[in-house]
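Just the one chain here, laid out as structure tokens, in the form predicted alone.
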Amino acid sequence: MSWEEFNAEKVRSAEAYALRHLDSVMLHFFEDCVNCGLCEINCPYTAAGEEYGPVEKAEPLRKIYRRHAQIVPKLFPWLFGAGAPKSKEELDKWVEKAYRCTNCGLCYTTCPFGIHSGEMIKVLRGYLAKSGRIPTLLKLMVDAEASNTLLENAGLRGIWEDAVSKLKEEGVEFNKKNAKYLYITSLAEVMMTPGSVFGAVKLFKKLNLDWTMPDKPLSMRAPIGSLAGDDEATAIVARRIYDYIREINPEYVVLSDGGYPYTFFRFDLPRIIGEKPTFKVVHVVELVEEALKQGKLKFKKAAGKVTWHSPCKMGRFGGLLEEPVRVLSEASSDFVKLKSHGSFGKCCGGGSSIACIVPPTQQMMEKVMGTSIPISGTEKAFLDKLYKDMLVAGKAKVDEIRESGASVVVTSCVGCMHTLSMTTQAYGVNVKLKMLSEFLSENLE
């Protein structure tokens, strides 16, 4: 269905998807918000408009739930604004709200009642996708990933094959069964931050690990369908990844991407598959810190002021808040924390697919893929405004970077790197951006 259309029957039928997610946890998120507003002051998108506060953005899903889960709104829906959108304009407004959330979890950390609006908005995105509103570029990636046809595109295949060729020159042994460590990267990481992949490989070699990696991308990043609320596509990709891991049979799965792939492998994959994993998930920084403790690794002290931008999935959700600080302090002569470092660290503003669908990314992907991505006038207006709002949402993080005086910003998330490259440039902050494994490998002794 085109973004220019409104199909009332399809919109109503999408409710079945939303209702499938109404379990005891979602019921708590749905019913126990007291509208105190504490989440709003911490949401990066409130700066772009009060209507983008977490409660306001989750309200469309609450409207759907009210229509089915509460007796009085069920009898008198018009009195409570309960039910599905009734016009194209209302549906477009819901989409605008759903794509002003990075699911960074800062509202969840702030909420005195433990309400995770980001999880509600993720369900809302699935509802909207089934109603015919999913960004075209995101839909292309979800479908190509689920059908395992990413490498059928000559541009994407060329990027991956070039990387594999260079990795073979480094002596990488692919798909080695029973290796102790399985390093999993993605097409997005190879394409957007190749230094992260080659940096990780250099670290593994220095540590003399028994390791391997896939010779084909298992996903675009982690299942990108999870960002669009596409449960079916997510389950297909999750099963493919899990079957590959079981075939290799590693003791550890290692990641250098600390964005949503980190929480996917640690928390979501076992839940989706319904099995207790036989492997542990670790980030490169954990291996490096342990090697430093054992005296197996030494770094040169990089000159200049260096800071760390903590990806919300790796830090706030994954608990790896201080490990990167300790490692970077060993690898630089002047490390400085950002002002909001820790559980309340500010979001970059581009997570949960936002940075990967805005116009500059679309133009980049068209160039890489050698094809034009068709979008309607309504979708173009949506994406143009989304890009402007993303820059507003990312300004607080850029201000922190400027105030830190750092000349190098290190992070560990492909999406954060991409977002910061756009926001720092937009606000004239001249810093070098480095992925963690890339920075560490460059400063090995």
Partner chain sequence: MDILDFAIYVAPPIVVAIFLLGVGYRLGRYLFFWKRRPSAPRRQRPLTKLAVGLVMAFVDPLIQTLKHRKGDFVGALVALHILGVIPLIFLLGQHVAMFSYWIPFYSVLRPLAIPSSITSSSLTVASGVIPASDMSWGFVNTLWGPLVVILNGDLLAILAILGVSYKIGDKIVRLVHRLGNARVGDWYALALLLAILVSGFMATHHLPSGEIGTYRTVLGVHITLAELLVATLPFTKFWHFVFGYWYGKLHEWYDLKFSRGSL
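Everything numeric in this text was worked out from a predicted model, so none of it was measured. Residue numbers count along the first chain shown, from 1.
Just so you know, the form predicted together with its partner chain exists too; it's not on screen, but the next bit is about it.
Shown alone, this chain has one stretch from 317-325, 201-209, 225-233, 155-163 that lies within 4.5 Å of its partner chain in the predicted complex by heavy atoms: 317-325. Mapping the unseen interface onto this chain, residue 286 counts among the residues with a heavy atom inside 4.5 Å of its partner chain in the predicted complex. Residue contact check for residue 404: none of its heavy atoms lie within 4.5 Å of its partner chain in the predicted complex. Put simply, residue 80 is close to its partner chain in the predicted complex: some heavy atom of it is within 4.5 Å. Not displayed here, its partner chain is kept clear of residue 299 by more than 4.5 Å at the level of heavy atoms in the predicted complex. Between its partner chain and the residues 48, 408, 55, 396, the one pair within 4.5 Å by heavy atoms in the predicted complex involves 55. For the options 139, 266, 88, 240, the residue carrying a heavy atom within 4.5 angstroms of its partner chain in the predicted complex is 266.
Using a 4.5 Å cut-off on any heavy atom, the residues of 36-62 that reach its partner chain in the predicted complex are, in sequence order, 36, 37, 38, 40, 41, 42, 50, 51, 55, 56, 59, 62.
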